[in-house]
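This document starts with one chain, in the form predicted alone, laid out as structure tokens.
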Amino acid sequence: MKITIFGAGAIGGYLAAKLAIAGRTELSIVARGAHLEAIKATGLRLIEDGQETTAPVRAAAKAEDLGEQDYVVLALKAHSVAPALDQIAPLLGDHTSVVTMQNGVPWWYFYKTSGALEGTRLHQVDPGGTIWDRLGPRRVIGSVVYPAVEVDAPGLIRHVEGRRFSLGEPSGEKSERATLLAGEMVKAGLQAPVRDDIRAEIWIKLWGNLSFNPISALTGSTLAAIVADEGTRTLARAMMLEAQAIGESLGVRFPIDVDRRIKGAGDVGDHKTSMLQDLERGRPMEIDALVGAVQELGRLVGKPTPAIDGVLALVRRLAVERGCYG
């Protein structure tokens, strides 16, 4: 099995290291800069459970050096996918599957939904339908990523917690390609359940991300602080209820109630969300995929989103001022 991880940051690096250490697949990564040079020089290093292991992986700056793959794992942030399409193209053959590991609403959301919105392309995550046209939704295996991982230094990945990467076909079928990939991930020490409704799981993670991420960026607060404060907790709850109404209009069933989801976020503790970390480091923020796309879905199904609209306007303005919005 030939697998390329495109984007070997924290999550991509962790997945690559686990698969490479297992040694069952022909594993390659596409990386850049100091990260790439370190991996080429000393291998991809992983700290997990207090132990450091070096994973020998084939690393390249250009995908054309790797050839066509069985699976391409896109471990990029959502806003980085379209600019990378020319680089991804050499990895794709007629039977290549593309595993999307982006947070937020995926660009392929309305592929094989069998509803009135079948085939709808979402401007917030795929302006002009470029990704849809170039990658093709037929290739897609969806994924929801749960591990907390950090890049401690170039070529050095530190695992904090969690090993689950849920997988699922947009159609809901348990396909051979998804099952085979899940099997390799499990043999590498990961959890990789194949879901029959990956969209529902996307919404459960998105439910928290669309609210807590922008509020944390606007306030500089951790998850625990947002939940502890009555004002910010109430605002997050209002955004989540708006999102739930949208999701349910699209046929999604939420297996937990909003207050339990909020408590779960608070229980994480003094954790800075990814959006706040990106703001502090001057990196592009995942505003469109996490918040803007939910607003767009609301417009499509006729559900009002006043709380989401207000927070979205503020966090976009902040990101523009800080040079963190493309």
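Residue indices: 1-based, along the sequence shown. Computed from a predicted structure; not experimentally measured.
Same protein, other form: the form predicted in complex with a small molecule, not shown, and the subject of what follows.
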query: Segment assignment from 191 to 199, 244 to 252, 80 to 88, 107 to 115: heavy atom within 4.5 Å of the small molecule in the predicted bound form; finding: 80 to 88
query: In the predicted bound form, the residue from 102, 232, 97, 124 that sits within 4.5 Å of the small molecule by heavy atoms; finding: 102
query: The single option of 72, 75, 239, 131 touching the small molecule in the predicted bound form, heavy atom within 4.5 Å; finding: 75
query: Contact label in the predicted bound form: residue 149 to the small molecule, heavy atom within 4.5 Å; finding: yes
query: Residue 145, heavy atom within 4.5 angstroms of the small molecule in the predicted bound form; finding: yes
query: Residue 310, heavy atom within 4.5 angstroms of the small molecule in the predicted bound form; finding: no
query: Contact of residue 287 with the small molecule in the predicted bound form (heavy atom, 4.5 Å); finding: no
